[in-house]
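Below, in structure tokens: the form predicted alone, a single chain.
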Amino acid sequence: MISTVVLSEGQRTKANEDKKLETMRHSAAHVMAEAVQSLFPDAKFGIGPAIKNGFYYDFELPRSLTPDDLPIIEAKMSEIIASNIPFNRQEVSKGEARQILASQPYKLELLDEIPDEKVSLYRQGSFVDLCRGPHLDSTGGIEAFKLVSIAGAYWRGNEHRPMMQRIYGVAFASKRALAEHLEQIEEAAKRDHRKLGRELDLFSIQEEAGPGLVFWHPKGAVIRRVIEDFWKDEHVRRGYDIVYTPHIARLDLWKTSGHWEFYREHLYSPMEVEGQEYMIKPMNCLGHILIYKTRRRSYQELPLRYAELGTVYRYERSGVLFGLARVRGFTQDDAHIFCSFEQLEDEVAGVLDLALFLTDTFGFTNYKVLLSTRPEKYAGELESWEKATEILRQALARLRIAYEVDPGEGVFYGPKIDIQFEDALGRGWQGPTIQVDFNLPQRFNVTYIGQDGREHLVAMVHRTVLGSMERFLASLLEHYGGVFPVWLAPIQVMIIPVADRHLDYAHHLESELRSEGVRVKVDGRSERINLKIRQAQLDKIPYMLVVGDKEVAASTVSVRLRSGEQATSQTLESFREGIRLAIASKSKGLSL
């Protein structure tokens, strides 16, 4: 059975503080709604929940809001807060609520879905809302807030419903905490991977091709190739076999697997080929199962570990697409492990070790581990779910990994472990995931011959250790702010000749370094040297080798770092050895 989670005193204190903060943020959403109502008396109200770091509210308004409206709404909110107006809860029948909310169609829709005959309304000042609460005693309890943005949002997240205007705000328990958060928002805007992708010429999403489809430019493709080569080498070292599978397969496969039943809203429509229905793949797992089943397997062959950088396609609504972080076509660093039940804990522990090794290598030193349990809609037997969950728990305990339980967030075919790593700004990104599956082996009769000479179902592990190449590159870009460590930088060295007469020597250096596998270019433009140095810094190139008369005569290089630091002159051999070690060690710094 799954054990009960016991919170420490510190965890209980933090949970209470988080609850108070959530209540304050929800109350701020109601104050914002009252402020909007005072400015737009005919406003129609959607929902206004508390969210991480703040709140939002959805409105239908007579005109489109602009950023200039936010200070006006903020000023009205400050008036309401200063008036210290009480939040009053009122319990009424649904009939009374319909009369009170008669001019609010979105509230009436929500009201109709409430099964209880009595509902709660919250009032403050002239504003009344259908709400379960809780709220603060009065508006004066809202300490520090700021409205930060306006966005469009479909009602109920449905693209076929009206588009509403959503105002986002942040709120904290102190002005200092708010100021720190606003500074973080400003820094996050500088690190936005979409902005950096354009500035550094790494990738694009072309409207002509369609939203959510990524084009990797040469420099972005270099970073991806370096990561993929490292990924492959590490997997081979740990006993994985690299495989490749087709992008389409017959629809019947996805019906047998259960994806057509449980996951259809994310699948693209089938296509007809010679009278047969085919579907573009949303996952790689079925291809790996078919490879496994090409012949009878013995217990002596297990475990089998198939790994693939497989591109898959899933339908995401256009409203949720977001740069590289949420796309329609992406490449998973996927693998599936086929093993006996007795080997399962060892295999899960091995995946955890690999996942945390990669997380640390890429510079994500802080992370959170979640154990996600059985969702409401699931496949398979309850006993299998409990057994799988306990195995995941034991693997975590063996490696002494602290984790939190995330109830009901497992996938439909099994429980999972998720690792969410934090970037330099403390923001969480979805990373490795490890999922035990007792469902697909049963559906596809994936078996092996045991020591007893009989057939047994395999235990199957689905896992990714980076997530997807697209989302992982987004997280790396924002974590480093585009200032990649030398081993990941698309251009590692820029050679800058002082004048045209130094070009021959510059190209000689380029050839020598390139033969060592260094990614190097020569800036041969007839421009001022300071402009060339500035451009290399903007391109975030780790090393600049400035060469002039002195360097040509002495066969040396003058090394400059992208930080602006000027290193001493050194021989090419000395520089080559230093950068070779920095790349091989995957150093985070630039010391040579």
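Just so it is clear, the structure is predicted and the values come from calculations on it, not from any experiment. Start at 1 with the first residue shown and count on from there.
Heads up, the form predicted together with a further copy of the same chain isn't pictured, but that's what we're talking about next.
Enquirer: By the heavy atom within 4.5 Å rule, which residue out of 272, 187, 261, 516 makes contact with a further copy of the same chain in the model of the complex?
Expert: If I apply the 4.5 Å criterion carefully, the residue I get is 272.
Enquirer: Just one of 82, 248, 72, 163 has a heavy atom within 4.5 angstroms of a further copy of the same chain in the model of the complex, so which one?
Expert: So the residue touching a further copy of the same chain in the model of the complex, by this definition, is 248.
Enquirer: With the partner left out here, if you bring back a further copy of the same chain in the model of the complex, are 51, 59 and 155 all within 4.5 Å of it by some heavy atom?
Expert: Result no, not one residue of the spot touches a further copy of the same chain.
Enquirer: Do residue 479 and a further copy of the same chain come within 4.5 Å of each other in the model of the complex, heavy atoms counted?
Expert: No, residue 479 stays farther than 4.5 Å from a further copy of the same chain in the model of the complex.
Enquirer: When the contact criterion is heavy atoms within 4.5 Å, does residue 316 count as touching a further copy of the same chain in the model of the complex?
Expert: Judged by the heavy-atom cut-off of 4.5 Å, residue 316 is in contact with a further copy of the same chain in the model of the complex.
Enquirer: Contact with a further copy of the same chain in the model of the complex for residue 214, defined as at least one heavy atom pair within 4.5 Å: yes or no?
Expert: Output for residue 214 is yes: heavy atoms within 4.5 Å of a further copy of the same chain.
Enquirer: Taking the shortest heavy atom distance, is residue 122 within 4.5 Å of a further copy of the same chain in the model of the complex?
Expert: Output for residue 122 is no: heavy atoms all beyond 4.5 Å of a further copy of the same chain.
Enquirer: Among the candidate stretches 413 to 421, 97 to 105, 282 to 290, 399 to 407, which one is within 4.5 Å of a further copy of the same chain in the model of the complex when only heavy atoms are counted?
Expert: After filtering at 4.5 Å, what remains is 282 to 290.
Enquirer: Determine the residues of 533 to 566 with a heavy atom within 4.5 Å of a further copy of the same chain in the model of the complex and present them in sequence order; the list may be empty.
Expert: None of them.
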